[in-house]
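Presented below, as structure tokens, is a lone chain in the form predicted alone.
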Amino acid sequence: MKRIANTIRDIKEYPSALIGLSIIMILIAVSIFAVIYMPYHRAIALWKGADNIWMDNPRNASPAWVNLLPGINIPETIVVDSAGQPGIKTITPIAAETKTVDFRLGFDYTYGEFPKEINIFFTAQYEEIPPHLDLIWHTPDGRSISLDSQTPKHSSTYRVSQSSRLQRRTGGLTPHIGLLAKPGSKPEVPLQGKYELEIQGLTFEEAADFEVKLVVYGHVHGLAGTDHLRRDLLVALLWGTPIALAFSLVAAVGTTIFGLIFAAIGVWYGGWLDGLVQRLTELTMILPALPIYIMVGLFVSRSIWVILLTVILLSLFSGSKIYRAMFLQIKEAHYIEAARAYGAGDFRIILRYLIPRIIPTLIPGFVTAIPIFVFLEASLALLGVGDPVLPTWGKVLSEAQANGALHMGHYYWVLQPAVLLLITGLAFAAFGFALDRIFNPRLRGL
């Protein structure tokens, strides 16, 4: 306990260690929050976009906090759903099984830019005859524009922005621009005010009914924005944290422990066993690790666990030569001779006297090795051999590169995961270098 207290006191003397440790604790807290708030199966379902869960999100939208900057008022997504809002729905019976169902979905548009697109979603309940709908668009200046007539299925979508018929009615303008443009403006600017979508429906069965949802897609969305598949990038940024930390931690622990044990066994027994450990160490030093990871990902499996196992196997003897030099000195110490004298077994000496002696000097190297594996996982994902299922920082960067995020001006798509990678690497490096000064007496004065 006294040694731990002294170590904590020494850490407080290094501001870089405190900053690095604080960031590491924040990353751990984010990881715990992500796992609790968004369990694994839910995170995978969200990232896959199951059941069109992201259809209310715009494509390639910047984070919503951009609007907090002075002088910026970028359109946000507007959703008007008739479900749960009885005040915008009017039902009038006109015959035994026939009735009119009318909707008025209104919203205020106060932005200086046009939306990305407009979609109308229908959910209808009927047995044989679908309802008939007439869609009318009302503008703030009193104009009424007939959009289309629909006979929706049980679940259907009217993509306003892709309607060629509507584009002709709006003078050749893209529909989501023509419907909101101020008349006579060149270039076109949005007419601000209250818009209303009127839907005049006719149902032909007693139990028939339908609901409508209007989505006017903005240019910003959520805390992290969206990608080309409308997915909220916050899912990958949150879940990328525990994945990165778990992958790097297991890899660092596995490579450090195995390298340490093999070096200790080789030094203690010596002879051909020590020579074998050294030859295997030299072999792993010259093997091209990255091409092997890529080959495993392409021909065996892209699962993160298979890649992790490959990383550990290729690093089993990493650092063995450094550990061997330390063990050779410790092996000749007097307390080792004393342990032999009272009959301690070989493995007891290795595990109780050799290995614990150098553990304090290994901690800094272990900490600084963690960001190496964080960047390795991201690099493999960027090269296209990352886990295809898990939402990780590297996966976000890979898809951003594949879809030309920088060329399209979607800088948030690249910067957010890149900044998280840099912060993680900086935190562990700062903390590890400070620990190296604490545990290495020769560096204390530097």
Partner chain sequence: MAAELPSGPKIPQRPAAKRENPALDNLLRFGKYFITRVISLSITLVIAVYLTVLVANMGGAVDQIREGQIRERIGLMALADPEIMRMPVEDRRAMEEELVRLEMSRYGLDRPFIVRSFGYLTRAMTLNLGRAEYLTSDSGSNQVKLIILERLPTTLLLMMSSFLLIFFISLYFALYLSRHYGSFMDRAVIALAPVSSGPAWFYGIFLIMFFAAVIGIMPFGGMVKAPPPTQWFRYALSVLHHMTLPVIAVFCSSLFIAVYSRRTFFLIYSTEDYVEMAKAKGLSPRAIERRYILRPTLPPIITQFALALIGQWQGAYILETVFNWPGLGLVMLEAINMYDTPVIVANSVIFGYLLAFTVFILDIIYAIIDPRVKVGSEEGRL
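Only a predicted model underlies this, so the values are computations on that prediction, with no experimental measurement involved. Residue numbers count along the first chain shown, from 1.
One more form of this protein should be noted, the form predicted together with its partner chain, which is absent from this view; the next part is about it.
> Scan 359, 273, 338, 295 and let me know which has any heavy atom within 4.5 Å of its partner chain in the model of the complex.
Answer to the contact question: 295.
> Counting non-hydrogen atoms within 4.5 angstroms of its partner chain in the model of the complex, say which of 321, 154, 182, 168 makes the cut.
Spelling it out, the residue with a heavy atom inside the cut-off is 321.
> Every residue in 64, 111 and 189 with a non-hydrogen atom within 4.5 Å of its partner chain in the model of the complex?
No: none of 64, 111 and 189 comes within 4.5 Å of its partner chain in the model of the complex.
> Please identify, from 375-383, 26-34, 53-61, 40-48, the stretch that has a heavy atom within 4.5 Å of its partner chain in the model of the complex.
Comparing against its partner chain in the model of the complex, the contact stretch is 375-383.
> Does its partner chain get within 4.5 angstroms of any non-hydrogen atom of residue 18 in the model of the complex?
No, residue 18 sits far enough from its partner chain in the model of the complex that none of its heavy atoms falls within 4.5 Å.
> Is residue 414 close to its partner chain in the model of the complex, meaning a heavy atom pair under 4.5 Å apart or at it?
So residue 414 counts as contacting its partner chain.
> I'd like to know if residue 390 sits close to its partner chain in the model of the complex, meaning any non-hydrogen atom pair within 4.5 angstroms.
No, residue 390 is distant from the partner.
> How about residue 286 - does it come within 4.5 Å of its partner chain in the model of the complex, if we only consider non-hydrogen atoms?
Contact check for residue 286: yes, within 4.5 Å of its partner chain in the model of the complex.
> Are there residues in 398-414 with a heavy atom within 4.5 Å of its partner chain in the model of the complex, and which are they, in order?
Those in contact are 401, 406, 407, 411, 414.
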